[in-house]
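The chain below stands alone and is given as structure tokens, in the form predicted alone.
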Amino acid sequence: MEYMRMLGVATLQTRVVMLVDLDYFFAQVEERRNPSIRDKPVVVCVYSGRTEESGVVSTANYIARRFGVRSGMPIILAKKRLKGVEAVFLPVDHDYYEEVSERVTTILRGNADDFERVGIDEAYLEVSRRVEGDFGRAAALAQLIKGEVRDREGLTCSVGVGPNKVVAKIAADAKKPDGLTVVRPGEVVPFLSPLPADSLIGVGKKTAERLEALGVKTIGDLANYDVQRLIECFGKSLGTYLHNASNGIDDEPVQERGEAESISRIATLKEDTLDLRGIIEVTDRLCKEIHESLVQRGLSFKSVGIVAVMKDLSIRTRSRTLESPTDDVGVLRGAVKELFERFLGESEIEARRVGVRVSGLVKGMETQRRLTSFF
């Protein structure tokens, strides 16, 4: 027991955390989908629908950013800044971005001891055990992850490696795009100190303004500021956090924020079709991806669903439930095939996109294979 206790302490002293951030994600995915726009300013927008120019910028590639285009900027202002430039403005395609994100998530989970997705384009990976607290090995692992994401999905990502989540997040932002920054425990204070105070997670515009009024401009200034005074100004919770984070102290674990209620994948067909064989070729691949995610997370499913986006852009769904949870990919493929057989027999409109969804997720893996419909 004493040995295990000491091992636990050693593990805490050599904690290694990564933050993987997909670079300018929405715009980069659009560049991948249409390589002809890679050398142009690309702006992905949330349109309000009132006029052709009403709404805001969601994401811009780095070429557009050189013209001063930023997230949250009104579209009309972005167009003014890109006047006379051959720029590309596109609407957000959340379903497609989520599809790509889920595949990247599968890659990241497979390289982590513990995993925490914090957004469609960001995730924390605890890798302490697999690299045995060695930051050199962690850097090599980060390069492997970057290579796998690039080779399998055609995307770049920036990775920060540090002794905790706070440091890993700031490290990931240090070199973009396609960067890798490793901050070892002994390097934390000199790395953080010169950075602006608003580099810390949780320090927004208003908090930064209040800090500046106190004479605090950098993280180093904040680290040296009296903690009791911070608590008086910001309250116990935020004041303590600001003191600890500015000193590179963070013991928040990397952990799932609640299990997902479902896992889904969707793909665009090569051509609009009602041909079962062509559709099953696509859905078999989607089933394989879903199964990989289930196995990595130790989950079984109880319900199987399909979705079809038709040529007229209408959306059709069908579902089937299992008598008992299972993680069997054969059961999944069989259920999907039967659901599409029934659906295609009833449809006269060709399908454009098809998807697979599993739900009723539970921990543990069983292999009962009896199916029962719940239409």
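The first residue of the shown sequence is 1; numbering continues from there. From a predicted model like this one, the values you see are computed outputs, not experimental measurements.
The form predicted together with 2'-deoxycytidine-5'-triphosphate (DCP) is left out here; the points below concern that form.
Taking 4.5 angstroms as the heavy atom distance cut-off, pick the stretch from 60-68, 303-311, 332-340, 33-41 that is near 2'-deoxycytidine-5'-triphosphate (DCP) in the predicted bound form.
This holds for exactly one stretch, 60-68.
Between P190, G204, G72, G147, only one gets a heavy atom within 4.5 angstroms of 2'-deoxycytidine-5'-triphosphate (DCP) in the predicted bound form; which residue is that?
Selected residue: G72.
In the predicted bound form, which of the listed residues (K176, R103, R109, K80) lies with a heavy atom within 4.5 Å of 2'-deoxycytidine-5'-triphosphate (DCP)?
After the contact test, the surviving option is K176.
Classify A351 as contacting or not contacting 2'-deoxycytidine-5'-triphosphate (DCP) in the predicted bound form by the rule of any non-hydrogen atom within 4.5 angstroms, answering yes or no.
A351 lies outside the contact set for 2'-deoxycytidine-5'-triphosphate (DCP).
Hey, in the predicted bound form, does E116 get a heavy atom within 4.5 angstroms of 2'-deoxycytidine-5'-triphosphate (DCP)?
Although 2'-deoxycytidine-5'-triphosphate (DCP) is absent here, E116 would stay clear of it in the predicted bound form, with no heavy atoms inside 4.5 Å.
Do D121 and 2'-deoxycytidine-5'-triphosphate (DCP) share at least one heavy atom pair within 4.5 Å in the predicted bound form?
So D121 counts as contacting 2'-deoxycytidine-5'-triphosphate (DCP).
Note that 2'-deoxycytidine-5'-triphosphate (DCP) is not shown here; using its position in the predicted bound form, name the residues of 19-37 with a heavy atom within 4.5 Å of it, in sequence order.
Going through 19-37 in order - heavy atoms within 4.5 Å of 2'-deoxycytidine-5'-triphosphate (DCP) in the predicted bound form - the hits are D21, L22, D23, Y24, F25, F26.
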